[in-house]
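Read the single chain below, which is given as structure tokens and is the form predicted alone.
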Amino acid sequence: MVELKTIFLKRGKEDSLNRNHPWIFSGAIHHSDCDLLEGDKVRVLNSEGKFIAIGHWQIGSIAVRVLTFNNEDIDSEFYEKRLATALDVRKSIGLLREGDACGINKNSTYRLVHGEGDYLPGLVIDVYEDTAVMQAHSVGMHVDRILIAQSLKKVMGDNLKAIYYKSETTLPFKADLNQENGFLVGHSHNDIAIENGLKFHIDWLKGQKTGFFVDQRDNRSLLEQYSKGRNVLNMFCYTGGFSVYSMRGGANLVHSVDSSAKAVELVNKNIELNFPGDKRHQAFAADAFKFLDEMTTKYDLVVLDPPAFAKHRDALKQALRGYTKLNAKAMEKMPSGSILFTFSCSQAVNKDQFRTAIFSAAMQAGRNIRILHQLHQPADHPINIYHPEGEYLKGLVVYVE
């Protein structure tokens, strides 16, 4: 066993760890046997010196992210086992698909590692065709990035040509790591990946998250089923995932809106990639609230998928007001018989609070609505049963009368 620095907990503070919760808060720590550097691997003992866990030390309210509750080395073998298990899960649920001879139903876009949901807290890995985009949300995972990349390449073999590290904006800024994005393994100029038979340009160099919102895949497929013959409005469209699916679903027209001109350029590229020359689509660079106020087109299928309104609990009340206002504006303009797909990706907002915000929006708009579906993150964004905080995406599909 590699010798690690040791943290001792206060008496009685191991209860949540005995229930396999993967976070240790700073208030639970009594002392350490030596000075700690952010990103250090630490062995955690209770007040009586009994082994509890091993994890990454970090500065902040969450002081340790637990990697294992076993007394084992955190080495290449450890990461290979965790990554291999994560890959097996994705294979078992049918996410890796070659499709038919024409590529119909092919899928080469998925999340391989979802932090605590895959027992690798602080790490996200998304796969786009033969490129993996790796993102660290903790200094510990940043420190281990080369080891993780090597382990990932070993697990995936020739199916993986490149690993791109994209953590400039996700690492704690106080750590002052001066991290730059770049390839850790190989190199790739191919920015096209396939999701359920549809092609998308993935901007992992400068795009949001890892370059694409993989977590809406199942919800995009559901939208496709409702799109035939409808006028579709996709607000906060980013890369246009919902727009592309609704085009394939047979929409009458599809309008995409985003405040970013670069996002509008990207959605147009993705529409052209799948439906060259198709005149049903049009994109607008505009503020969402202003667009809803001024729109004259009657949209009977609307998607509201805004960025997180609440990054932390202090912003919760303001966020709920924002969701209510946004949804009320949309409902006011929608014809009777319309369908609204509405989402929140704010972890601080729970399902009941979001549902109450939509209830308030319906009341403000003077509309009757029926809930058709309650939506959530897909299976490649698993929730660790011992870590309910991992459930972040929630959505409703409502019928507006």
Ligand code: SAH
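Note that the structure is a prediction, hence the values are computed from the model and not measured. All residue numbers refer to positions in the sequence shown, first residue = 1.
Keep in mind the form predicted together with S-adenosyl-L-homocysteine is missing from the figure; the text below concerns it.
Although the partner is absent here, Gln150 lies well away from S-adenosyl-L-homocysteine in the predicted bound form, with no heavy atom inside 4.5 Å. Put simply, Asp305 is close to S-adenosyl-L-homocysteine in the predicted bound form: some heavy atom of it is within 4.5 Å. In the predicted bound form, none of the heavy atoms of Asn181 sits within 4.5 Å of a heavy atom of S-adenosyl-L-homocysteine. Although the partner is absent here, Cys237 is a contact residue: one of its heavy atoms lies within 4.5 angstroms of S-adenosyl-L-homocysteine in the predicted bound form. Though S-adenosyl-L-homocysteine is absent from this view, in the predicted bound form it lies within 4.5 Å of a heavy atom of just one residue from Ala288, Ile194, Leu171, Ala283, which is Ala288.
Between S-adenosyl-L-homocysteine and the residues Ser188, Ser260, Asn105, Asn252, the one pair within 4.5 Å by heavy atoms in the predicted bound form involves Ser260. Partner contact region in the predicted bound form: 207-215, out of 207-215, 314-322, 139-147, 90-98, criterion any non-hydrogen atom within 4.5 Å of S-adenosyl-L-homocysteine.
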